[in-house]
Ligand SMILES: NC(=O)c1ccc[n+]([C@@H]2O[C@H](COP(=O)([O-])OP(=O)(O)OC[C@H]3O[C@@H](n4cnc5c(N)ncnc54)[C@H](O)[C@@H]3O)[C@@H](O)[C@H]2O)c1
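Just one chain follows, in the form predicted on its own, and it is written as structure tokens.
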Amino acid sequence: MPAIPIKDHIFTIVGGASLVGSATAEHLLAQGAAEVRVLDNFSLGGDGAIAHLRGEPRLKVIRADILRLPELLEAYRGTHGVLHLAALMTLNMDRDPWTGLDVNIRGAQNSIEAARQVGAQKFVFASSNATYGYGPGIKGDLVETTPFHSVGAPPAAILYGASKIIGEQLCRDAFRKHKLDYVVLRYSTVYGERQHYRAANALYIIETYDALKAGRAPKVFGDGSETKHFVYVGDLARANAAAFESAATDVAVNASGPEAVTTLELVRLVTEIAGGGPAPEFEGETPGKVRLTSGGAFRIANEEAAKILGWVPQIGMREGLRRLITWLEEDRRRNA
């Protein structure tokens, strides 16, 4: 059976020194995992995201590179489940598309192959709502069968989404040829404590907050009606665990937050949590800046995740933002 109980089992989180990786490691440990291996090459920073887990004897930090298959084979040995998070996102893809494609495609294939060779019981692949694309075609409910839209979107965003589509198909291929059980989770934009600065949409939250604290007006593109759909990192940690624990295999499901939000609603929420500030300023395009546009009102439907994995998001946008901003202020005080 493809279901793996968390308790007393070993899990490897690839790209684990990250926002989602640190939250998932913490959750798996709390659920009684025998060992959680955090694998990362630390090319995007140090181990600050997992600093709060230092001293936990069941946590093993492994420095390895997903482009080097022998390193993965050694790191995965004895693991029951592999969570593959490692990827370069749209902003990195804009700066260096060749490296981004190498990491997101060849790295994913190496990870899948290593999991297969060591006999891992299940592979969970972190995909993205970028598999639906961007632009005018993105509207209404985005469900797991929604096609990919690319017209008018920034090349880096489309390259990122396409690389995730390929990663999903590599999982399908390994299942069909080698019976490697897997679940694909298509994350919407992730935010929360230990927020990094590599995601264009999540970065907008921090940019808005920083503007307000400095007494500047936050920026809103267009009329503020553009939709974003976020998911709180703690909810995603539970989704990752649910993917391992479920008997589901050979499936891809959305992992999104409880509700979508417009950019104007988001700015108003951040302003409320920040204790007030200047009214937002509405602006047009900024030349040279990668901005991920939705094209219209949409919702990333998560009913399939509830049906297949028994997972539903619990943290709404106001509470998630409050937690992020509380952490951000505490982190800045610690590092002042």
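Treat the numbers as computed from the prediction; the structure is a model and nothing was measured. Just count from 1 along the sequence shown to find any residue number.
Just so you know, the form predicted together with the ligand exists too; it's not on screen, but the next bit is about it.
Although the ligand is omitted here, in the model of the complex all of 20, 40 and 190 have a heavy atom within 4.5 Å of it. Heavy atoms of residue 126 reach within 4.5 Å of the ligand in the model of the complex, making it an interface residue.
Interface residue remark: residue 301 is not counted as part of the site for the ligand in the model of the complex, having no heavy atom within 4.5 Å. Residue contact check for residue 320: none of its heavy atoms lie within 4.5 Å of the ligand in the model of the complex. Though the partner is left out of this view, residue 310 does not reach within 4.5 Å of the ligand in the model of the complex, counting heavy atoms only.
The single contact residue among 241, 253, 115, 86, judged by any heavy atom lying within 4.5 Å of the ligand in the model of the complex, is 86. Shown without its partner, this chain lists 160, 232, 76, 182 as candidates; in the model of the complex, only 160 has a non-hydrogen atom within 4.5 angstroms of the ligand. Figure note: of the listed segments 302-310, 62-70, 273-281, 27-35, the one touching the ligand in the model of the complex, with heavy atoms no more than 4.5 Å away, is 62-70. Residues of 213-237 that come within 4.5 Å of the ligand in the model of the complex, judged by any heavy atom, do not exist; none qualify.
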